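The chain below stands alone and is given as structure tokens, in the form predicted on its own.
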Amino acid sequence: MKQLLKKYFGYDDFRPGQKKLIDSIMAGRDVLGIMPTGAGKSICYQIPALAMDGTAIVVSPLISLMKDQVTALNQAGIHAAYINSSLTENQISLAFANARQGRYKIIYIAPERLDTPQFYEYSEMADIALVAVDEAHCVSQWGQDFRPGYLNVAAFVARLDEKGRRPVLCAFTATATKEVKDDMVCMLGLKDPNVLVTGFDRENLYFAVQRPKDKMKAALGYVMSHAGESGIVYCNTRAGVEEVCDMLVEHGIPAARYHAGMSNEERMENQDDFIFDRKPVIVATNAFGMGIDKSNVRYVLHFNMPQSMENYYQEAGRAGRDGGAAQCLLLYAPKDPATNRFLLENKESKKEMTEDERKEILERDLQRLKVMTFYSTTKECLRKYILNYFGETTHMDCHNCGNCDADFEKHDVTELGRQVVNCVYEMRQRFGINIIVGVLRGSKNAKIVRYGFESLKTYGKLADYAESTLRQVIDALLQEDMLIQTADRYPVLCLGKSYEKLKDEQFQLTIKTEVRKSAESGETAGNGERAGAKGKIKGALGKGALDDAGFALFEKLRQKRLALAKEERVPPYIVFSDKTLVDMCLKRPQTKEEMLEVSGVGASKLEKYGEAFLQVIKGA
């Protein structure tokens, strides 16, 4: 296995968890791997595919990701193909003809294609040794990207099993709660799988949340401060994508846009501009899966709060796939939860469901939205919050996120919490946050006057406190389950099961306020600080800082890589990743044998590119 890893991928050893899953697959056992983005999930099925007799079928939902993976495999000397809706019928027929002749070791296919006559005909005669399901959470209605086509996987494998030809079945995803994990095992028909969760932590990612008064100004400042770096900006509407992209372009930033309202041709052209580094920034909708495998994305900026932690972590995880340091910044505004609620209530996918199904799915979605809102407003360690959500319990702060870097002061707001709860009780648990805050602050709002709330005991009790402070107190009460917010169209506050804790004289409710504000330009402390071009490479790739000569060599190698990529019409990172170029700068190989010692240089790429890069190194 290690020889195959070195020969085709240029790595000396496996990453944590990879060998365990590979050994299970080679022993004929089904597996389920839950591994964070960048942990090397694809290696877990690509290496067994090379070692086994027969062909491996990889089920993937993302067209562009298939294209990237197949391009990378062919570059590494492995015969692979993909079959999806981006191909013409003639191209699909040709691909199946080649597949029947055994020309491909690995075939990527969209889940919907498993149920077509052409694939059925092919699978009847093919020697299929392995079926790998990528983004396996898509099989679960509790997952954030449910794809009905994934239900074809179990039926396809069962059909082969009936004929005594059942392949090994393996499934992989980056994020999954317990419900989703159980669904994957059941819905895919995994038999006694070896389940491996390597952990959800992406140590190279720096998480931060900001609440700027002007999001446009903050986004512009952040992107400009990372000029030359590759980044993704996510918005939750098409109109938002257009507005943010236009704003960046007007300020001279080479940015592309990407959303479902564009033509396929324009989307593909813009994605290629991003992947080939012609436009280092792309602005995209949260809802539209880009499925990119770009390794050198240095930041992901969420212009709006996503609808769930699953969505957020998957999207943020597109940063730093090369293992280098990267930033994930979320710009939050108090109106974000309401906007997302509207989008969830009007989901196109809900139109074909029964009323009961719609209600159940909406309740689940609103609970996820609540979790995401807490993440966006908490003053606690952000990484700890994420890991705890996915079941990886930790009590330690990471000291490497925006909240850990910020300077907070704790405030005892127990008495304020009591007054809020009293107000909710007085108002018979029938009104929302805005009215509650208005009553407590003594507002003369027309609705408050009309309902006669001026006569309540709690009216004006907290008139000396800012609205933002009272909202923070309410957030704290919600997180402590002392209050709950209903899932109605117009949510109201009700007493939670823990509200009586406020009667305990020993109990203390606290909130945090930031002493040292983050700059509205979007700069974040810690890993985010950059100092010139050399700082970008050192900060982004971490190990082994380059000196001036090393950085000059890196730039020359990068230019050579770009020239070769243009010749072959492949993305630059398909030739070699930034991390591999940095390792070349550190090791400075002089022979082909020494070049093989560079991480990421395998036999096929050595033969194809080795001499060109050796010449650059020798001439430096």
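We number the residues from 1 along the sequence you see. Just so it is clear, the model here is predicted, and its values are computed rather than measured.
Heads up, the form predicted in complex with ligand ADP isn't pictured, but that's what we're talking about next.
Checked against ligand ADP in the model of the complex, the candidates Val58, Leu581, Met595, Ala39 yield a single residue with a heavy atom inside 4.5 Å, and that residue is Ala39. Note on the partner interface in the model of the complex: the residue among Ile43, Ala49, Leu62, Cys585 having a heavy atom within 4.5 angstroms of ligand ADP is Ile43.
Taking the partner from elsewhere, Ser295 is found to have a heavy atom lying within 4.5 Å of ligand ADP in the model of the complex. At the 4.5 Å threshold, heavy atoms of His302 stay clear of ligand ADP in the model of the complex, well away from it. Contact annotation for Arg15: at least one heavy atom lies within 4.5 Å of ligand ADP in the model of the complex.
Of the heavy atoms in Arg257, none are within 4.5 Å of ligand ADP in the model of the complex. Contact with ligand ADP, judged by heavy atoms within 4.5 Å in the model of the complex, is confined among 29 to 37, 50 to 58, 554 to 562, 587 to 595 to 29 to 37.
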